[in-house]
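One chain is shown next in structure tokens, namely the form predicted alone.
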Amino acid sequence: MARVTHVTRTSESLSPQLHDYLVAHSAPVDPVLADLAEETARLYPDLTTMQIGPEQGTFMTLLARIAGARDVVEVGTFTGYSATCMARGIPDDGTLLALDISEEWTAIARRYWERAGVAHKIDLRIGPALETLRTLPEGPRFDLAFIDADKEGYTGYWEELVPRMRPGGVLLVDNTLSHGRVVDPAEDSAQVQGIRDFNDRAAADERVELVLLPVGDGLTLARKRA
């Protein structure tokens, strides 16, 4: 039986009871991830929505394995939960390029990557992610990408990443429902508008096929066309 915790975000519109049931009937949440979630909640109680929930983490591990991903990139690492999950889904000689701006948050991530036995797979780079992405070779490189950073920057990250995805490569983009605010005309914050702009751009992008899933706070799953 999984150790259920509500210190991470739950999928939108799920009651606590249904979320507990969902997690309990999925692959168990192991002690490393549970401890990471609990430490993050204790240190940053106002930022727990920045961390993906256990069901999304398991989904991302499985997706990395199903896709046969070897080269992964993550934009927005926070304390390392999602990177841990994806790193577990790639082979031992695979690589995950993790991009974040915070030494403080990622210091926690480093500790848990060591504990999870995946630190050797992860290349952490601190600095503005858009600048880092622009320094990378422009040819196809990545099998899997995850965007979970500043919402106003999503479209920029997308435009840098899509050309760098291999044919058949998968992109995941988090928070694309913005807690339902994307359909509320009264919501006009830069963050919400950034998500709306990204959703419109991605849906119209002929380079990919995609679906917006009601996982977590909305998870866009895209596949680059051959």
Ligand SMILES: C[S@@+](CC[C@H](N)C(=O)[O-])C[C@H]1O[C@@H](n2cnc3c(N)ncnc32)[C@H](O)[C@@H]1O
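As the structure is a prediction and not an experimental result, all values here were calculated from the model. The first residue of the shown sequence is 1; numbering continues from there.
What comes next is about the form predicted in complex with the named molecule, which does not appear here.
Asks: Looking at heavy atoms inside 4.5 Å, which stretch does the named molecule contact in the model of the complex, given the options 69 to 77, 88 to 96, 113 to 121, 134 to 142?
Replies: In the other structure, the partner sits against 69 to 77.
Asks: Please check if residue 198 has a heavy atom lying within 4.5 Å of any heavy atom of the named molecule in the model of the complex.
Replies: Contact with the named molecule, no.
Asks: Against the named molecule in the model of the complex, would residue 170 count as a contact residue? Criterion: heavy atoms within 4.5 Å.
Replies: Contact check for residue 170: no, nothing within 4.5 Å of the named molecule in the model of the complex.
Asks: Counting only non-hydrogen atoms and a 4.5 angstroms cut-off, does residue 161 reach the named molecule in the model of the complex?
Replies: Although the named molecule is absent here, residue 161 would stay clear of it in the model of the complex, with no heavy atoms inside 4.5 Å.
Asks: Is there any non-hydrogen atom of residue 33 lying within 4.5 Å of the named molecule in the model of the complex?
Replies: Flag for residue 33 set to no.
Asks: Which listed residue (50, 182, 29, 63) meets the criterion of a heavy atom within 4.5 Å of the named molecule in the model of the complex?
Replies: The option sitting close enough to the partner is 50.
Asks: What residues, if any, in 89 to 103 have a non-hydrogen atom within 4.5 angstroms of the named molecule in the model of the complex?
Replies: 99, 100, 101, 102, in sequence order.
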